[in-house]
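In the form predicted on its own, a lone chain appears below as structure tokens.
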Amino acid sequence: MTIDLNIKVGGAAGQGLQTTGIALAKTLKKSGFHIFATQYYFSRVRGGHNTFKIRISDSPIAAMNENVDLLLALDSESIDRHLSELSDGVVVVDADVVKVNSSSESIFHVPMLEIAKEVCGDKIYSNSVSMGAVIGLLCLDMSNLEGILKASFKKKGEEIIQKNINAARAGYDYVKTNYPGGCKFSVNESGEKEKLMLISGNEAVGLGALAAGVQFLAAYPMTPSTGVMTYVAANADKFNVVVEQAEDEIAALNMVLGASYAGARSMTTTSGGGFALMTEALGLAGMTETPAVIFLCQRPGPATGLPTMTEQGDLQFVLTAAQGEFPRCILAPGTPEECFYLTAEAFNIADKYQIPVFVLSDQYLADSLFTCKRFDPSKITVERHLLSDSELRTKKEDYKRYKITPLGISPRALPGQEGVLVLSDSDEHDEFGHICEDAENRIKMNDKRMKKLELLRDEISVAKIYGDLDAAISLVGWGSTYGPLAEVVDILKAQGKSVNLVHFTHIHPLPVEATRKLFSKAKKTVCVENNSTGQFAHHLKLETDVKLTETILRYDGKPFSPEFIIAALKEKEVI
């Protein structure tokens, strides 16, 4: 890549960081750059030190690094904390409003408040002034920012649109007049702009659910999962989806099971604390063999934990949640593309095997914005695995909802279909669905359910390798660590190191022999996870008997950066 710039907006909650950051990200994407944007914020309405960071490049990017080239400081704490992160950058600050404790030559004063009052008569336009100043320092044209402001304030009318454009233009002109040379960075817009989307992980999951034909979604809002529910709800009328905000998480999953029992493709969304309440219903799904898709977006626990930050700390919980033994499937996307396609796959797996399927994400993936190519809905298939009315009419024997078959999967009819009686029971039951506590029946039914897990294990996708197949060092990751790990591989390969990435998206069950082969050549294997105990490394050992040589763990609520991982690899003398 020839362009690699990082813009950080720093300030307190309530100062409009997210609005400013998203508008800048959209503007830069419209200018033809690849974008990765993420935010670090505390769980409060006002106060706390928050940041919104945007990385721009002329090549695809999927991670944030630790450099800062342009700091838009909305308070003095932002300068105190982040000035040292700049090497040859610039800090944009309204020194009339923000106390500046440094005499650094990087600091560039833009009187945002004064300009906003002069141009628009109101200080609330200060953020638009700041956006214009940033675009000016990047040596870019104003037209794309004006287009974004028009779209953003469309509902507020022409007067508001024009005032924001005037404010941004004034900030832009101030830079051109007062910054030495007229601007700071030479980043030319791409001549041929790719048709890229700017999308978050949560939006991609919601889009995947709609593409898969979701018909019912019930959830109780909980950060950071709520974005999926709101995305599906916003598009519910177009796709004929019923979205229900349940009174709590217990009700949400039970509603999903009821809808699924009746034949609707159904899902719920939650985070760890909410899922803790769902576990009894999860057991009901296991016993009644009712398909369900559960989107679980991880954040640090226990209890409320760090509600707006990230962690991969719920894997072992999801693997064992609920009473008894029953099959389940866990998928963990690492990119927006995987969010889209794996969510759709989750519905097909749930319907085929009649089991609960988890889409396990985390705050970092959920809230980050990525540029990526448009998803291809033609690659999505809807596979319901339901008995048709004509199939039922030709059946010679009475219908058995839990018929014991060689594969453990019983033919599934829906309540109300002609000529069949569909029974379910949360107690142990016989093939018809009647309660049955006979010991011999218990063993048969338990074996029938667990057979599905082994069948799924044989069919599920193996981990993908990024880099050389026969590398001496294998970095191992799952879910959202894909982006920073892939960049580490690129950096180390450019330095002549023999390294690859083994990235898991299909977490449970694992295909045993195929997974073992992935590690047959590497001399060093390093699992990189956002938790304190190496939960996936333990799972890998238990499922496949593959023991990794090292772990790099982070559990401070922050995601990995390439620099963090490389420093840890050096500290552990892996490289």
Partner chain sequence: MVSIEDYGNFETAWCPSCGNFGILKAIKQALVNLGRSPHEVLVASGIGQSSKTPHYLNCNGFNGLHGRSLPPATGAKIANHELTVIAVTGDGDCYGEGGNHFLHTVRRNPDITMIVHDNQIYGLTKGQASPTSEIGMKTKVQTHGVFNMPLNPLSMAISLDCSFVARGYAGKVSHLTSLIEKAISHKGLSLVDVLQPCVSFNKLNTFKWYSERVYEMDDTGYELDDRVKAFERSMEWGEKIPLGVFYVNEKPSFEDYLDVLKSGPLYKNPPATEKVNELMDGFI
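This is a predicted model, so every value here is computed, not measured. Positions refer to the first chain, counted from 1.
Absent from the display: the form predicted together with the partner chain. The rest refers to it.
Figure note: of the listed segments 311-319, 452-460, 227-235, 79-87, the one touching the partner chain in the model of the complex, with heavy atoms no more than 4.5 Å away, is 227-235. When contacts are defined as a non-hydrogen atom within 4.5 Å, none of 6, 131 and 165 contacts the partner chain in the model of the complex. Residue contact check for residue 157: none of its heavy atoms lie within 4.5 Å of the partner chain in the model of the complex. The closest heavy atom approach of residue 434 to the partner chain in the model of the complex falls within 4.5 Å. At a distance threshold of 4.5 angstroms between non-hydrogen atoms, residue 254 is in contact with the partner chain in the model of the complex. In the model of the complex, residue 281 approaches the partner chain with a heavy atom inside 4.5 Å. Checked against the partner chain in the model of the complex, the candidates 417, 152, 410, 335 yield a single residue with a heavy atom inside 4.5 Å, and that residue is 417. When you look in the model of the complex, the only residue of 49, 524, 30, 539 with a non-hydrogen atom within 4.5 Å of the partner chain is 30. Although the partner chain is not shown here, in the model of the complex the stretch 102-140 places no heavy atom of any residue within 4.5 Å of it.
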